[in-house]
Ligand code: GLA
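In the block that follows, a single chain appears as structure tokens, in the form predicted on its own.
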Amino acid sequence: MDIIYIQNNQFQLNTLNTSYVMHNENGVLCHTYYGQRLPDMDHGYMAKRCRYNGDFQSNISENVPTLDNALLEYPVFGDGGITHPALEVLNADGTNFVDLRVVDYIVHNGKPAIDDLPASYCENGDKVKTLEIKTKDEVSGVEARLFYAVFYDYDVITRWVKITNNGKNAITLLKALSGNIAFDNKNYDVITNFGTWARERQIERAPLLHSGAIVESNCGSSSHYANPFIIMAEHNTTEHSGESIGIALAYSGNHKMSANLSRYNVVNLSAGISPDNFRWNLEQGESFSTPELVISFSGNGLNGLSQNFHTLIKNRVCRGIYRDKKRPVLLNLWEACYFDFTDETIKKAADSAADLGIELLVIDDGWFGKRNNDHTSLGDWNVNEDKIKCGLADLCEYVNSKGLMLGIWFEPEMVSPESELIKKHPEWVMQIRGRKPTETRWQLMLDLTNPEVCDFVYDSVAYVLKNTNIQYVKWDYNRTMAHIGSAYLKAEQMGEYYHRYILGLYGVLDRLTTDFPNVLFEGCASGGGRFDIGMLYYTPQIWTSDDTDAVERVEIQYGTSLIYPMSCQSAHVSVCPNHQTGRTVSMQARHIFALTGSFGYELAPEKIADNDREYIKEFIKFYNDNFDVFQSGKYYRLTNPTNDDFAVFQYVYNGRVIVGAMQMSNHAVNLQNTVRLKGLEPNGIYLNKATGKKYCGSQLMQFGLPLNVCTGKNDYCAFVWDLSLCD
């Protein structure tokens, strides 16, 4: 069966388990179906025809369609429909209308790159094809090429649009979304993330109403507040049964995603760059490409949908050696010493960390300029010799001699008002001419729309990487944009600022990751404020949240897992009482739930008690021995920690099964006694390595594992099961 099947004005895109069908009706591209796999055949009877409605006049005898109830693939402003448009163009004559009609199509083997933007990719041997549908407005000359890349084995389709001005006059894009999907309502719920600093990606689920649902950020980043994805799930869909559709945007800036329910109960699901304060000028012959939209359907519940996204992101978004290579167990020194450290402090930490089996030591904020607090020196990326008297290269050599890699923190997009850089280049700051730049957290933002500034940011990081054996960079971003303006851009380009900034950021990251392929880059934005597919293209792991409390991290990482793989979520064992919440949680529980992420520590190693040191050594060995399970295994959410008394997760990989559980709430009588496992071989026999007990796969999936082993007198007791399929 074809990946892309075309017949009688019908386009059918097939993945292993799904089909996406469209039809061309008088040049208007309409949606027909998205769901479980269909045979390659004519599905014309399924097409919802554009029909006459009394409040929109149409000449029916000439077969001119009305669009007010059509299932449009890429609706435009002013076409007579009532859907929210994906494209709005300001023409030279002051009008806002284009009439896009299908004029041609082509099928590409593989997947074309997207101009200057991060995106999924394919490799030799992948079953990937891309349908490119050319649409054009014959009057204005505006052309929109709609791309649909089909990742057969991943059950994923990605979409983007390239808009070209082939007319005689300049035009301005007022709105250019990445895609729209229209389908009939099936009693859908909308599932989104909301949050704030240290409480990112909390799950919200509610019925889709005619008033619609919007997920958007206008703070310059994908944000802590509204992560760029939406899931539509039938009301009865659970983790492991029922239908759902998910969309996620590969973009790190302002975004808008919406789910709207029309008066005819047609759902329009759209996503792209936020149109707020967006204006993009296109001269004759110029083009604009939208960010990639990743789409998936699952008939196997929310967990099945998550696994589709996880597999694609891990294997065909993340790049570089650390896509597949084992990630080092790291120790970040921020909560160990904050700004108060010297080279001797770091050497002592290296001595102690090496004895524990830690592989990477990370110096966080405070190593540069005169940085003894967060009021100064951002932009002055020279080593603070009052703290690091031996120099960064010699310190790196010492750490390496202990068998550890050395990592370092940067916040390259920011500059302190009290810095040498500001004195030399005040024009490099994001600013509105004639107004004082806006300060937040004692920081100003550098203007990454300016190529000179981008070169400076690249050179600052590259100099350190060229002159020391630094093998890890934590890339932070600690404020939002405000009072947007530039001394570099022309007045007519100010509506392009937000997107040009993100393009500047991507350009710098692309240069650095290309020139330093052996360095592990980790993203951070006050924790999880820029956790998106766009950043994961450059940084295969992201600091999930500044909240290191194990209990709160359970919910944060649970919500993040709806779209993003566990291996992309940095998760650390922190000291207790926790620095954010003051809560005390057992060493065992803190370790077990750090397994739902890229594993590390956030504490002072020399202050660890002897009995805890032995536990840490054993646990690091356990993590390293099973890294392939955590990196490549299928991840299952077995309970909902926001509602259930237990938080339970499961990994399955090549006959290996690791299950972790934490009791979130203890009672005099605990009613939840077992948890059913998923994804096992029903007739397989599984050995519990700790007890020697054997179980049948069907027993574990139909009856489950007992949770009473996890029950204690206090909340947050935890346990891990390590099972393997017997030969």
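All values derive from a computational prediction rather than experimental measurement. All residue numbers are counted from 1 along the displayed sequence.
A second form of this protein, the form predicted together with the named molecule, is not displayed here; the remarks below concern that form.
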| query | finding |
| --- | --- |
| Full three-residue contact with the named molecule in the model of the complex, heavy atom 4.5 Å, for Arg205, Glu239 and Ser306 | no |
| Listed residue (Ser526, Asn578, Gln650, Ser567) with a non-hydrogen atom within 4.5 angstroms of the named molecule in the model of the complex | Ser526 |
| Contact residue in the model of the complex, from Trp543, Phe593, Phe151, Tyr251 (heavy atom within 4.5 Å of the named molecule) | Trp543 |
| Interface membership of Glu496, the named molecule in the model of the complex, 4.5 Å heavy atom rule | no |
| Lys127 within 4.5 Å of the named molecule in the model of the complex, heavy atoms | no |
| The named molecule contact in the model of the complex: Glu555, any heavy atom under 4.5 Å | no |
| Contact label in the model of the complex: Lys621 to the named molecule, heavy atom within 4.5 Å | no |
| Residue stretch of 470-478, 609-617, 503-511, 320-328 approaching the named molecule in the model of the complex, non-hydrogen atom distance within 4.5 Å | 470-478 |
| Those residues of 440-465 which, in the model of the complex, come within 4.5 Å of the named molecule by heavy atom | Arg441 |
